[in-house]
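Okay, so here's just one chain, in structure tokens, the form predicted alone.
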């Protein structure tokens, strides 16, 4: 008898001798994609869960992000799928999520710490379900080239600085250091919305329908137009592409051509690697307008799915992963902004040797507390990409001189109404 057969025989004999045959553990499957090394972090945490819960085995099925976008929705529509999955189209897949509330140990803990983000995962009209937890929160916000400020002998503005004050300051730094771009912003409707909400844009009417064009929105759009005309913002970014096409300025920033770059927390790992010691860079607090000092949130969530045959075991796993000690380890090792209000307020000891990256992560984490309620609402709105794309397409035309602002406002409203009607028609 070979070694394997001998071990199997001994195990069977032990089960018969005890009068209680070996019982197979419940197996859960978690569909997972990674931006970086967070898959390994999750494996380590799952090993801890299995040690504390020997009756449950969790298999981490790692897939490319494309599979999450394209394959998972097809599986779920066919009534198939894993027990849990990490997703980014939070509201778009809400019909397939399992409500964990009945089986969680302390649902109030989830309401308190994940409340604003749970709204992103719920179907319209649902105000109570707990489908999962945020594995990462992204926050839009500005980076500066601190070395240029030092060379220009200009002090870095502190919290509470307005957009207009920042624009004037970075123009001064650029002039003194002969830097080509004072201020760059991703060509993205999502990024623009931070400026718009700071200026007072409400974005929705009293019934919750998109009503984008108001005085706050117009004030922000006017600034974008003026900053491009005056050279504060470079036409080489927004004017380089058309339609709803995204264009970032991360290459220009890391090459030292930009004084201030409004993008978001997802750039931190890249800048830590690509900028190196070329210059000092910093994340700075959100610029302010008369209404708010806010960015736009985003992120990914680990959600429970209705396809599971083991809802109670899934709830036990989510309870474990959502606990502060476990989740703080996940965020700190993955270098992610916590999508957990308690951990965001306490701050994290990020596991990185790069002091610039660690400082930037803490700045963005503190920004979570300043995010406008309108920002959460827009991020959770099912048709938000229609809004974002309409806004950036038409403002892009303004920047390159194709249409005036007044016409852009009309076209934005028309585009949004038409495309939402078409989308709703397809659903029906």
Partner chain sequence: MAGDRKRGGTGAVADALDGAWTAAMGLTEPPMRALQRAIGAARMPWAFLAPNLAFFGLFVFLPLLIDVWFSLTGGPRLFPSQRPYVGADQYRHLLACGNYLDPSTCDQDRFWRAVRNTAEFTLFQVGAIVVVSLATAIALNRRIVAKGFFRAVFFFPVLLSPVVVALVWKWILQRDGLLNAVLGAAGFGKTLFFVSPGWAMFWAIFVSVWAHMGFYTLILLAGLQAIPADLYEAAEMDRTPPWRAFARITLPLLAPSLLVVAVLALIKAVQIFDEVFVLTGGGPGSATLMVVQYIYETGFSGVVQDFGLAAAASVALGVALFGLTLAQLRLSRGKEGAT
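Residue numbers count along the first chain shown, from 1. No experiment lies behind these values; they were computed from the predicted model shown.
Absent from the display: the form predicted in complex with the partner chain. The rest refers to it.
Only one segment in the set 230 to 238, 191 to 199, 296 to 304, 275 to 283 has residues whose heavy atoms sit within 4.5 Å of the partner chain in the predicted complex; it is 230 to 238.
The three marked residues, 386, 403 and 411, each reach the partner chain in the predicted complex, with a heavy atom inside 4.5 Å. Exactly one listed residue, out of 162, 323, 352, 89, brings a non-hydrogen atom to within 4.5 Å of the partner chain in the predicted complex: 89. Comment: the partner chain is not present in this chain, but in the predicted complex one of 102, 180, 347, 115 has a heavy atom within 4.5 Å of it, namely 180. The partner chain is not drawn, but in the predicted complex it has no heavy atom within 4.5 Å of residue 155. Residue contact with the partner chain in the predicted complex: residue 208 places no heavy atom within 4.5 Å of it. Although the partner is absent here, residue 397 lies within 4.5 Å of the partner chain in the predicted complex, judged by heavy atoms. Taking non-hydrogen atoms only, residue 77 approaches the partner chain to within 4.5 angstroms in the predicted complex. Heavy atoms closer than or equal to 4.5 Å to the partner chain in the predicted complex belong, across 94 to 113, to one residue only: 95.
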